[in-house]
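Here you get one chain, nothing else, as structure tokens; it is the form predicted alone.
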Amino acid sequence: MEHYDSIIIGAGHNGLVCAAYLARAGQKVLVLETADKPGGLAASREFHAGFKAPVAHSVNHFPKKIVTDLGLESHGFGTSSESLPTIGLSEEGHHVVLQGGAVTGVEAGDAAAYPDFMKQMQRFADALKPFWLKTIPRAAITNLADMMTFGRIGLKLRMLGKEDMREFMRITALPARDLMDENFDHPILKSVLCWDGLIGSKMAPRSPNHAVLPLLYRMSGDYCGDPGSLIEALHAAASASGAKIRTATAVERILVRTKDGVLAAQGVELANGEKIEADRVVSSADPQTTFFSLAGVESLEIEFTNRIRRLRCDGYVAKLHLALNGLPEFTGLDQVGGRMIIAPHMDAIEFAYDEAKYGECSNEPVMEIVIPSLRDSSLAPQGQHVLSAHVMYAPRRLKGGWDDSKRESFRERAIDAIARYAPGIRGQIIHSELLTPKDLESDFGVTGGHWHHTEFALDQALMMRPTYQAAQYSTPLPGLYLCGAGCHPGGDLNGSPGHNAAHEILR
């Protein structure tokens, strides 16, 4: 029986990052992926003949360190430090555009306040930035290295200065609505600015203890890019480093056996019955899948499994794909090359969330739209395009459950919302697809269809992500590690969990 140093479950971006680092360090690494190609939610998939799109439709804060360490640019990852312009759409064509540190389409007071606000928020993001690529120690400090990590965090915050440090501590637990109302007047500007703190979550502008930390996380990256080229580059980098990657290979369970008198993960059993041994197993699957479906609760203490069971993992974002016979035209918008937000005011986000949290689909969905075929012409036939939208809010646990009629109803509702801003778009649609959180769960094996594997909130962040005893990538089961989005620092196409897990294993 072949033996590996590390078996990694899942060839999503975090699994590939982890595999590349471990293989570069000399480990014999095997990556096992259920799908027929790597990438997970970032993999491009054909949703209509000739039209492709990934579920994760943009890379907007990928760390420079990982790009440099793994030589991703030499493997074809095209990086840019300039993010796409963000456009808050207005039905009347009076759009709000955020680009290059300035905002247009708002009154003079908001235009003047915006650079100062962003400068301060960027200072806060830069203070936290070094720690996204580090293991956050347990709250109970046990060694000098842990003490120094916490000391560096404290020093970074103290170096903000007394006034900014107080402001940082104040806004960390502040609802997004309060933060925006304190600083701006324009309703679309406020909606757009709080969007990145809310997207992918079960939260809205009035929700406390949530939006600011994800917002700072998304402001602290280095590179933007295309999901397809990122996955191809990571695949190439891992393979070039010596990692073996097997696709169309489902893991049935983690092999847990007694070693030196204690239970430990010692390999995996595949769906076809094949068993593969390893010194350790590293899972990029979400925590509930890892511990309940793969490792088995019988191998873990009940207090730990109860904490894992309580993780908030229900997704609230649907994915809409439109195959279009041409480039859509939005009222009052000269070009559609940016990221477009449909959220006319913060109450629109709040009301959409209110319906979803009680098990209903939003009657007036809010969403983020991109046209990825403008950047990657391989996603659509020549002269045609793909529209990709993250649509909120669509609860995983819909009253009465999801079926074809409910999926179609919500899809048409989302298209109606877009058509208010792009009146001719229905005449351009060749095919449409809506993936609900239930679909994401069944098609991609993500519990609850939650992008981030579990909510990115203060009680599920830093040394509490996903929970204590598993927040430093190792787990209570010896030989089993985590490296997915459910780990610190969190989800998105970022790669930090894979980087951190690999360094923790090698340490």
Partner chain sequence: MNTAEKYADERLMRSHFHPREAAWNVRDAWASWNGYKFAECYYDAEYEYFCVRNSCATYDICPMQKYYVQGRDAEAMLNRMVTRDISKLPLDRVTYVVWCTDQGRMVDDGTIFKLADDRFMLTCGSPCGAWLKMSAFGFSDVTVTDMSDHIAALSLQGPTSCAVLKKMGLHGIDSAKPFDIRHFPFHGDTLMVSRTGFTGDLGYELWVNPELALQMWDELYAAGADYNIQPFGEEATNMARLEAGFIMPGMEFNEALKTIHFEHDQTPFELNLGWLVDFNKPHFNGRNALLKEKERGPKYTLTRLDIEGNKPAEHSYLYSNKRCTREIGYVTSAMWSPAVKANIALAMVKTDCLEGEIWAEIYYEKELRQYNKAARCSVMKKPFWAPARARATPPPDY
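In this text the structure is predicted, and so the values were computed from the model without any measurement. Positions refer to the first chain, counted from 1.
The next section is about a form of this same protein that is not shown, the form predicted in complex with the partner chain.
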Notebook entry, point to check: Taking heavy atoms only, is Pro476 within 4.5 angstroms of the partner chain in the predicted complex?
Noted result: yes
Next item on the list: Please run the contact check for Gln469 against the partner chain in the predicted complex: heavy atoms, 4.5 angstroms, yes or no?
Entry: yes
Margin query: Is it the case that Asn306, even though its partner is missing from this view, gets within 4.5 Å of the partner chain in the predicted complex, heavy atoms only?
Written below: yes
Notebook entry, point to check: Given that the partner is absent here, does Gln335 sit within 4.5 Å of the partner chain in the predicted complex, heavy atoms only?
Noted result: no
Next item on the list: Answer with one of Ala419, Leu263, Leu160, Leu128: the residue that has a non-hydrogen atom within 4.5 Å of the partner chain in the predicted complex.
Entry: Leu263
Next item on the list: Let me know the one among Ala112, Ile302, Leu155, Ala145 whose heavy atoms come within 4.5 Å of the partner chain in the predicted complex, would you?
Entry: Ile302
Margin query: Quick check for you: of 292-300, 69-77, 88-96, 429-437, which stretch puts a non-hydrogen atom within 4.5 Å of the partner chain in the predicted complex?
Written below: 292-300
